[in-house]
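Presented below, as structure tokens, is a lone chain in the form predicted alone.
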Amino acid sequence: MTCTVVVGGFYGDEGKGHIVSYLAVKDKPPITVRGGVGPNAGHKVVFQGRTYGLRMVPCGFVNPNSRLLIGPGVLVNPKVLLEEIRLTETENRIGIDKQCAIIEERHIEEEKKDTHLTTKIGTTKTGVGICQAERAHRKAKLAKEIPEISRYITDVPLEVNTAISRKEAVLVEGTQGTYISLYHGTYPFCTTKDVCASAICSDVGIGPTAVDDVVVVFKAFVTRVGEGPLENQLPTEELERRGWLEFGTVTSRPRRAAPFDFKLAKRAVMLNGATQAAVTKLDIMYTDCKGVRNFEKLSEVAKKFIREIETETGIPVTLIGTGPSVEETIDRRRP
């Protein structure tokens, strides 16, 4: 890998944390950089028996030699950031761009009072929408103005592009999912900005010609938190029967779910310019696949499902999650 961008192909919650952490361990990129909205997106990492729920620190922290960066397009909550730096013990290798806008407590309180956002849209109440609006009005504070995070301030686009020019690997971590993009999602039931691959690149200061691969992540079934349409949504009782009932990383709200949507997957590949796909939670769909690390050892029905995704989307499924931990991953990429 040189510059690889990882994005969500559905409504978020696809397992990007699993895929990013696997690539960080397997490929050992010197830099992992996070784009996306901000602390309204939670990424779950299960590594060496420990579970981490991260909203700011890149999931590449599992590689102890990776420099961890947060791009200027990302909103930062200093309290959340500092808590996660302590949790992951990454004080000496994390950098925040000086241009990141800062979420203040007043943003969170204002969002909680906004019934349009909290009731109709079903936001995470993390203040990102209010802060994003302030940034558009050029009123938000920037990271370079905040003393408590001053030691982490850096020029992220410069660091990232310097690494790329040296042919060093850079792993770009996207957040949310294609269909909650402000431009390409189910407006108004969406997040506060575009979160497709091109926007994630803009968030971290990478031009389109610098990208080598875009990995779009799909879960073996579709889930959604908050309000908004979800085609073929199954009732809670059926989700419990299938073992598909999940809860959001940030809000702990139950996720609605539906069977894998090939139409949405195909469009997500188009919108993101994806070159390969990852499929997570195959073990939830097919329990006999739990922990399998070789594609040929999957059940025939599971292999047929993966091949159908490849046929419908036109790109290879190169990474498959067969359990929650980083280690439970099938890697079908060419050496």
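Just so it is clear, the model here is predicted, and its values are computed rather than measured. Don't overthink the numbering: it's just position in the shown sequence, from 1.
There is also a form predicted together with a small molecule; it is not shown, and the following applies to it.
> Just to confirm, residue 278 within 4.5 Å of the small molecule in the predicted complex by heavy atoms?
No, residue 278 stays farther than 4.5 Å from the small molecule in the predicted complex.
> Looking at the partner-bound form in the predicted complex, is residue 255 within 4.5 Å of the small molecule by any heavy atom?
Looking in the predicted complex, residue contacts with the small molecule include residue 255, since a heavy atom lies within 4.5 Å.
> Does the small molecule come within 4.5 Å of any heavy atom of residue 322 in the predicted complex?
Within the cut-off, so yes.
> In the predicted complex, does residue 77 have a heavy atom within 4.5 Å of the small molecule?
No, residue 77 stays farther than 4.5 Å from the small molecule in the predicted complex.
> Using a 4.5 Å heavy atom cut-off, which of 297 to 305, 268 to 276, 40 to 48, 24 to 32 contacts the small molecule in the predicted complex?
This holds for exactly one stretch, 40 to 48.
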